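A lone chain, given as structure tokens: the form predicted alone.
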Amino acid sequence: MKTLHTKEEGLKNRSFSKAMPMKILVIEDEFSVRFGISCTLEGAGYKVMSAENGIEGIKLFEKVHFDIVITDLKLPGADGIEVLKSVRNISHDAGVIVITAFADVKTAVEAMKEGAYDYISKPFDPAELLIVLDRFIKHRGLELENIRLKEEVKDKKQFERIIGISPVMQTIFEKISVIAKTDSSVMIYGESGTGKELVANAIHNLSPRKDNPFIKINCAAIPETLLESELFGHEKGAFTGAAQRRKGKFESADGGTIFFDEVGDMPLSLQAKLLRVLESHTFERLGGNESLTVDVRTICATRKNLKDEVKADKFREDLYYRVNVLPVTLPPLRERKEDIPLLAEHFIEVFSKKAGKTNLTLSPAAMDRIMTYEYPGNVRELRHAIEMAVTYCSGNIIGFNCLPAELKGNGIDKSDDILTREDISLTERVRALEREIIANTLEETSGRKKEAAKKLKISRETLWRKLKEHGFPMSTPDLED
């Protein structure tokens, strides 16, 4: 049963927060009803077009994108059910509300089974129609939010926090805080794996747009033939396989932020079209003539030197100045090695939980190696290395041999090099060597302290004291384990 609402309730619940006014197509053969509905909707701030029969309405819908279709069930030419099926075939985004006489309520219910959002029985108060429209807008908003949240969950494959105590990263954090408050275009530079997407996430989440969509597109991962359709959407029949109208990334990002990862790989043919959108905030879908207006903030990222790309005529100079308003350069991991222990600790915690392991720590040899390695893959490579090491280690110690082959180099544990190092004292060398021997023994015994003490030919009490002295993770002091 439909719930009746008063005019006051309808006005109270209405909301007009969309940056792009919703477009509504009214299909009604009675002029007075069609005219009355159109005036009511236009007065409420909607963009309205109308048709006097089903065939005319279907043809109009094929040419123009409408968010909602309001159609009578009884129409000359093509009835409301045919209109509904045609709309659903052309675009799944549009909502359909049917108007019916009291005697045809059964037919209206069948229309809802075919995909109509709701129906209204004649005669009806204009406020009732506005209430139904308001419900549809809120319903569609929830659907879009659900899609956005699913995208966020799907994208959470990397760590969610940017981690770093180095001075260079502290400067980056300060920059992000300032940049996030503005609405200017941002360009993030950095090698692959340095965390450019994390910075983009942080800028959006700290910005006034944080409650609106954050849409990501990887310019290097999408074929050139599909990239234009991804950005701007397409109309039905725009190309082979375009079975229905589809929104693009810009349209989906309206009111929020759009992130172009690896923008330096965007084809020159599309760079001009991107520049036009950034300057005018308008675009057309592929195969369409309708001009759409959007309100988006742009964040770009690249591993390339765009100045060199401009000189090589691979990147438009005018686009470079448009997207490079607020540049942020992320350092490679090899230039902020003081962050490696913190990052390693974070990854060990993340992956040990997934593996059901506790109290894991890196052996001195393993720590020494992850500190001296150059990381061509940056933080992403460190993350994968720790994930592998946690998976293969036994006991509480992640030893040198648990590390990936790339980090181990020739596979030889060079912990005895510490005996010949000239930068540390004899006491420090002895202490480091003792810790290494204990760590290797615990690795051999899978962390069983009783067995390790026996192999080391010391008492269990002495081993426990040595573990505390060398900073090994301490569990309950059960000397029988």
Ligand SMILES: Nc1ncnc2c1ncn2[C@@H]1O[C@H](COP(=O)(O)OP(=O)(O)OP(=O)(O)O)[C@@H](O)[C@H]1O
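Quick note: we count residues from 1 along the sequence shown, nothing fancier. Please read all numbers here as calculations on a predicted model, not as lab measurements.
If you look for the form predicted in complex with the ligand, you will not find it shown, but the lines that follow are about it.
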> Among the candidate residues 196, 204, 285, 297, which is the single one with a non-hydrogen atom no more than 4.5 Å from the ligand in the predicted bound form?
Replying inline: 196
> Given that the ligand is left out here, which of 192, 293, 184, 391 has a heavy atom within 4.5 Å of it in the predicted bound form?
Replying inline: 192
>> Can you tell me which of 257 to 265, 393 to 401, 320 to 328, 133 to 141 lies within 4.5 Å of the ligand in the predicted bound form, counting heavy atoms only?
In response: 257 to 265
> Going by a heavy atom distance of 4.5 Å, is residue 111 a contact of the ligand in the predicted bound form?
Replying inline: no
> Does the 4.5 Å heavy atom contact test between residue 249 and the ligand in the predicted bound form come out positive?
Replying inline: no
>> Taking the ligand as it sits in the predicted bound form, is residue 74 near enough to touch it, meaning that at least one heavy atom pair lies within 4.5 angstroms?
In response: no
> Are any of the heavy atoms in residue 383 no more than 4.5 Å from a heavy atom of the ligand in the predicted bound form?
Replying inline: yes
> Which residues from 338 to 352 come close to the ligand in the predicted bound form, meaning a heavy atom within 4.5 Å?
Replying inline: 343, 347
